[in-house]
Structure formats: C-alpha cells, structure tokens
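Heads up, the chain below is alone and in the form predicted alone; it's given as structure tokens.
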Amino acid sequence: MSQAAGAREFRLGVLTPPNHAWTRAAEAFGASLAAASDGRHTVVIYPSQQLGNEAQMLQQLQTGAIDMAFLTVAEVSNRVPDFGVFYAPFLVKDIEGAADILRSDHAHLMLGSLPRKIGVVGIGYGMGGMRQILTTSPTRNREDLQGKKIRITPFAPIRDFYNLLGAAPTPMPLASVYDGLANGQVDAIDMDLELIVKLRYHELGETVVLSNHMMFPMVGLVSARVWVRLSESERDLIQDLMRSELNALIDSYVLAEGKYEEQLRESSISVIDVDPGFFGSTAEQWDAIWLKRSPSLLELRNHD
C-alpha cells in the first residue's frame, strides 16, 4: 500500500472469476473510491483466488499483507461459529428474505465482534444466490440423495446439513467442480443458480432440486491493521462506498434469480420444486446442533 503524498493503493482479493458478480462489485467499489478521492486512492482487484484460497486471504488480512477482501461468510464462520447462523436451513424462504436478513440490524451488529475475534473489520454483506442441488442421476425424493457424494463449500454448517441428510458431503474447489461432475468424482453439487447456468453445470446433470435450502452470503472485510492507519474520513469513505456496492450486489441477485431459474427451466435438465418437507427433520436436527454454537440463531429465526 503506497502512502506517498497521501495516496493509497489497496489490494482486494476475491475467490470468484473476473466475470462474476462479486468481482464486478469489487471493481465498482474500486472505481468509486478512485473517483471520490480524485484518484488518490486506488484498488487493485485480485480475482480467482490469485492471493490464495479464502483461508489464506483471511490470514493475510490478519497480518495486513492484503488490505481488503470479499469473502464468503462461510470462511468467517470457520473462525467465528456464530456466523454459521446465516446458513441455517430454511432460515428464509426465498432470496428476498435473504436480502432482508442481511440488511437487518442484528446482522450488522454481529460484524462488530470481528476486529477483536479475528483481526478484520466487517463493512457489510453481499450475497450469492440461494443454494440448490444439482444431481447427475434422476432425483425424486430425499432417499435418492442417500449416500450421494455432494460437492460442498468446506465449512461446518453445510457439512452438518448433508451429514444429517445422510449424504456424503465432499469439499471441492470451485475450479474443480465441472471436471468432478464429468468424471463422477461427485454425484451432485450444492450450488446457486447463477453458477449452475453460467458455468454450464446443468449440461452434466439430470435433476435440479429447486429447494432454496440456504442463503449464501458474502462479507466485505478490511484488515484491522490497515484500518487503524486510516484517517476517520478515509474510513467513512471506504465504509460508505463499499456498503453501497454490496447493497447494489444484493439488489442484483434479487433481480437476477428469476432469470437464471427461467433459463434452467428452458434447458433439458429436469427441475423439481421442493419445500422443507422434502428434507424431513434435517433442519430441526441442524438447529439442535447449532443452537449451542450460534447465539444468534433464535434471533434470526424470529426475524420479522
């Protein structure tokens, strides 16, 4: 980060590829910051895990080796279990409900614990689409998922969900998913509609279980070591501009979710619509486990 003549060049890491909505939101934030500071402050975006995987990026934020990152809340929940609450099965029924939760006062109050617990400053939330299940074999009911190797993002809340369901949750990097489906390394994937469509996973599948079983939030973070070196006006500027882009990202997913669903239904893959009953008592069993880990679960379950 250069500080010559008050100028700062921030490095921001993100796991998604250049054409992904999260990467575009990061780029929009960088452009806004450059414009608002008359070019004194710039942001260099490193997409596609160029700075390492999410665990490595979080470590670099803690040391100040990188300045900012857009990370899944999943990675944060690995360090601060309370954030696992955002992956509670059927916490919301649709993407509009997810947007409402992520903009709630309680969700933003939770960010206040991050500097003390893991050395980062939480600016605000973005999101991906709701989670669905794509399978490479015909799927009609919960029993058809028993024992199936289902690709997941490697973190405890989603792993617990699929273990309780009787499936075999299988961590796999996003870059390996297409080949994993093609060669039978996994039987199914837990994924949002955007990536199912854009990365053409539906061409390798037989069924999409349209379940909306979990939201998939993202969080904008700044290294606490970097934050303390910024002036109050710089902090305010970064916070306002990053939150604005994260809010715009949420709006874009709310608008786009129906478009991706329509594209999927027009393809050759079978789409089945299911409700929480499809998963039996899995959600209730998940809550019994996570009430002990996440004090926010009851608060968000009761969110109105």
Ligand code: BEZ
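From 1 onward, residues are counted along the sequence shown. Everything numeric here is computed off the predicted structure, so don't read it as measured data.
Just so you know, the form predicted in complex with the ligand exists too; it's not on screen, but the next bit is about it.
Comment: the ligand is not present in this chain, but in the model of the complex one of A88, M191, I150, V219 has a heavy atom within 4.5 Å of it, namely M191. Listed residues A224, L114, L204, L195 were compared with the ligand in the model of the complex; L195 is the one with a heavy atom within 4.5 Å. Here the marked residues L15, H20 and L174 all reach the ligand in the model of the complex, each with a heavy atom within 4.5 angstroms. Using a 4.5 angstroms limit between non-hydrogen atoms, R131 touches the ligand in the model of the complex. When the ligand is considered in the model of the complex, T72 lines it closely, a heavy atom lying within 4.5 Å. In plain terms, the part of the chain that comes close to the ligand in the model of the complex, with a heavy atom within 4.5 Å, is 151-159 out of 115-123, 134-142, 151-159, 226-234.
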